[in-house]
Each structure stands twice: as C-alpha cells, then as structure tokens.
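Presented below, as structure tokens, is a lone chain in the form predicted on its own.
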C-alpha cells in the first residue's frame, strides 16, 4: 500500500500520460465518475526491450483477469508491477486496444483542426505518439491492460464486455518492482457498446510504497510469483525482507 503521496494530477478523458515509476514507488488510479477505462503499457525503463507479457502474466497465475494479489510479468520473467490494492475486482487483460478503425466506425471521424476539444482519438495512435518520446514505435506495442473494464469469455471462446464494472471512486494501486515506464490512455474500451464518444477522467497519485516483505500478498499468492520476485530481486542484487 502507498505510504505517502508524492504528487497527484488529473488525466482527462481522451488524454495520454507516461511516467517512469521508480522501483519502490506506487501509482494509484481512481475512476472519478465511474465507467472509466484506462489502457496501459509497461516497460523496463532501464532496458525497454523488456516489456509486459500478457500470456506469461495470465498462464503463470492461472487467470484471465487482474485484481489485488496478482502481478504483471515481463517477457524475461521479472515482475514489473504488483497490484497491491483494488476495489474493483476485475481489470481486463485480453480485450485489446481502441484503434482508429473502431473509433471512426463508432464515433465518427472528428479531427482536432475542425472539432477542437470534441475530436475523437484512439488509444492505439495516442500510445504510439507517447512511445515515440522514448524512441519506441509500433513494433514495441504490446497488449494493453484495460484497467476498470471487464470482459468475460464463454466456454466457446466468445468474449463479452460487461458494462458498469467500475463505480465512482473505484481505485487500483500498482507497486513498481522495477523502474517501470508506464503509459496510460484514458479512453473507451474497444468493446464498449456506447455510440457517444465521452471517455472518462482518471485521478492519478504517485507515492512511496511500503517495502516488499517475505510474506507480501502478491509474492505468496502463487509459487510462480515467489520465483518471479526472487528473480527480480536478484536482478537488482537484493533480497526480500523477512
């Protein structure tokens, strides 16, 4: 859990954000009005070739959703972030990212030159622009985590978006286990059925996290996570506290 807040800011609907979350700090996302979606990307800030790996995250923890007690694995077996607190219970790791084709089909093609603040944006293109600030591009895109959204999968493999998953004031908190480059896009989930372009705002808070203890809930939730924490600590030449 976050011990102290270093700074806070508002991420308005449609905006994109990025920040290097230092190891040992935490990021809290708050859905201000309810019904928000935040598409997120994660990279090792010191070595961006290492990045979030959705398949390993899901199969290592035997899950198809993310919530408190789970972690985000990199493609090298390290743990990028842990979900240390969550009042929602379900965040979507499989639904994909809002792209330009979906935006144009559902909300219309409204550019900034003609429509100003009423323009329609896609998360994919916004995240690509943000990635360019770090000399990263399309080949560096990975599946996003869609915080505050829920997608269920039936036995036949069909996927269904579940409306109303996040209430006003819902929060999720991430603890950085490495120096992590985090990119966020506060925009609609690609499967959200509404036809009105009105992405919701998110409140962000960055603060100092408590040290990771040997009995940390994320560490002990699965044997695989224990090994992931050990591998990550060895990457930094440290050991868990007893």
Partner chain sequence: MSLIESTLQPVDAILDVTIPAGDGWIHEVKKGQTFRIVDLEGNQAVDTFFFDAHDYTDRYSAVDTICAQGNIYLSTGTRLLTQNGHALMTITADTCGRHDTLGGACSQESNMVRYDIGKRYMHACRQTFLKQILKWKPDLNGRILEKRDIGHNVNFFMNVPVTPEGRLTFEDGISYPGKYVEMHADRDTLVVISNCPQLNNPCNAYNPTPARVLIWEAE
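Numbering follows the first chain given and starts at 1. Note that this is a predicted model, so its numbers are computed, not measured.
Quick note: we don't show the form predicted together with the partner chain, though the next part is all about it.
Checking 45, 32, 191, 204 against the partner chain in the predicted complex, a heavy atom within 4.5 Å turns up for just one residue: 191. Only one of the listed residues (198, 64, 217, 210) places a non-hydrogen atom within 4.5 angstroms of the partner chain in the predicted complex, and that residue is 64. Stretch-level contact analysis of 168 to 176, 138 to 146, 80 to 88, 109 to 117 against the partner chain in the predicted complex, using heavy atoms and a 4.5 Å limit, identifies 138 to 146.
Within 4.5 Å of some heavy atom of the partner chain in the predicted complex lies at least one heavy atom of residue 231. Among residues of the shown chain, residue 12 is not one whose heavy atoms approach the partner chain to within 4.5 Å in the predicted complex. Proximity of residue 130 to the partner chain in the predicted complex falls outside the 4.5 Å heavy atom cutoff. Of the heavy atoms in residue 68, none are within 4.5 Å of the partner chain in the predicted complex. Of all the residues from 47 to 66, those having a non-hydrogen atom no more than 4.5 Å from the partner chain in the predicted complex are 49, 50, 51, 53, 54, 55, 56, 58, 59, 60, 62, 63, 64, 65.
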